[in-house]
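One chain follows as structure tokens, the form predicted alone.
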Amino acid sequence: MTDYKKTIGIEVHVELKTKEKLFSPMINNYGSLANSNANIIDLGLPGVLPTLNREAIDLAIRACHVLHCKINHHMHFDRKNYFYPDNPKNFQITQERTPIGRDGYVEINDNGIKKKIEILEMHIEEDTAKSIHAKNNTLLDFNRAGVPLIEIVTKPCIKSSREAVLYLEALRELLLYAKVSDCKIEEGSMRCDANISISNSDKLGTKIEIKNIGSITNVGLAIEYDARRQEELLSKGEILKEETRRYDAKLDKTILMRVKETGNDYRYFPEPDIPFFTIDDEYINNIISEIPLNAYKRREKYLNAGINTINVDKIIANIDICDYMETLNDVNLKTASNLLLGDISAYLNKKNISIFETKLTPSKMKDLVEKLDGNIISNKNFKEIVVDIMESDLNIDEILEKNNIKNVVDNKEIESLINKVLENNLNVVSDYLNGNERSLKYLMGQVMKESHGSINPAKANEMLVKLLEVKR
């Protein structure tokens, strides 16, 4: 059987996390009532003039930096002319001749083997309206029209579906932690197209484009399916034509959208309503200096703090929790991470809110961690007061008082209480000393019962074992 090699290129459109749209003052917000965030500029009415949003340029510079792109200092925008219902101006404002970034890369790690996925260019452009197909009609929502995008185009250097998935995961993480975009594929703020060809020689095969794939996982599945489809056709002696296809996740197959008979002629020319502009090194460096700590450095920091790899991965996967971790100073991050990934995450998921919408301030978290580490309160106590901690303005001491939680922390008092339990359970003590380990659990239960749960279990268990050993 002929051995075919895959050659893959990826194009990604990422919506920039700006407050306003690229060329109009309308709010950039997902989930609003249809057509409630659209004005005359977004609708392309005659005589309106665009005004460039500086924040979009700033975020694009951030993206260039984290993707190791050379930043273009002298830029202008171009008109890309085409007709489609979601584009009422009959042109799209983009950067054809002077993309903001060129010649970058994203490094991937495939089981210890590192590879740089090369980026050809990155340019800024405006998004179109969203088409909603309903029975025999197509509806248009112009809330998305004019939202700033960056389009990131790789060179045809990706050799497998796995490399494609690793690239997209790394790209998403870089842009997410640089606060360039929220990269929510399910909401359309990150959209992926794949170009794939197969060949049994050094010459590239016929390029097939797969559009608007719905998830990073599906990019890999779409590439694998279409590579098999192309191989089957070539093995039958058929000649492939350039096509645009879409991936149907339910059927796990790509479906033909259109055949490319001729190349598109978009008749690009410089946008006459937006002046050429220049950004200098000082401006670029100021933007770069504001980029938050990336995920790689945060991961390294958390591992050094003693957090296990599984929990570190969970923290990095939840940018809200990770950002909250970065607000904590002089705190035992290992204890904090256990709290954040346990009952606190359960509370947040139940309420469907961000941790930044709660009353858990960094100072309250620090006090909580110190009390847990100092055995002043137990994990059982924490579970009892977690709702108050998240919803109340009271500090930890006030919350403990409100819930009538008073723990025994004096070692002599704890020892006296344990000795009382031992004296009342001499037969069980004898069983333990004769090798019955289960007796320890019973004695521990009696200690917690006698103390009404007011002793830290870990501390009580430690002292109980020591006092039993003395009796050997």
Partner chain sequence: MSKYLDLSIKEIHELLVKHQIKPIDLVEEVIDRYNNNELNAFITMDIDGARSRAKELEEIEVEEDNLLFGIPIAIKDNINVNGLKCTCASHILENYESVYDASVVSLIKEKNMIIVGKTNMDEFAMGSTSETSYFGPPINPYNKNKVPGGSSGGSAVCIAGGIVPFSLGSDTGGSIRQPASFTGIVGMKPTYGRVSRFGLIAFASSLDQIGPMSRNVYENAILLNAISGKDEKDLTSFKTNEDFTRMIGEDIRGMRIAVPKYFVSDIVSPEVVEIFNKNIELLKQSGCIVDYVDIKFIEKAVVLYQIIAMGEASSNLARFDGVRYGLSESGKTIDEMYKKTRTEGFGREVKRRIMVGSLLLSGENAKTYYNKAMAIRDDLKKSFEEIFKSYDLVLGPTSSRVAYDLNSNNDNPLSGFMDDILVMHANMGGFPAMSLPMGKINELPIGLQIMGPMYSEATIYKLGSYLESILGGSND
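Every value quoted in this text rests on a predicted model; they were computed, and no experiment measured them. Positions refer to the first chain, counted from 1.
Quick note: we don't show the form predicted together with its partner chain, though the next part is all about it.
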property: Option from 66-74, 413-421, 434-442, 45-53 whose residues, in the model of the complex, bring a heavy atom within 4.5 Å of its partner chain; result: 45-53
property: Contact test in the model of the complex: Ile27 vs its partner chain, heavy atoms, 4.5 Å; result: no
property: Distance check, Leu140 to its partner chain in the model of the complex, heavy atom within 4.5 Å; result: yes
property: Contact flag, Pro272 vs its partner chain in the model of the complex, heavy atom cut 4.5 Å; result: yes
property: Contact of Lys241 with its partner chain in the model of the complex (heavy atom, 4.5 Å); result: no
property: Residue among Pro85, Gly306, Gly374, Gly237 with a heavy atom within 4.5 Å of its partner chain in the model of the complex; result: Pro85
property: Candidate from Arg258, Lys350, Lys203, Arg267 lying within 4.5 Å of its partner chain in the model of the complex - any heavy atom; result: Arg267
property: Residues from 79-111 in contact with its partner chain (non-hydrogen atom within 4.5 Å) in the model of the complex; result: Arg79, Asn81, Phe83, Tyr84, Pro85, Pro88, Lys89, Asn90, Phe91, Arg97
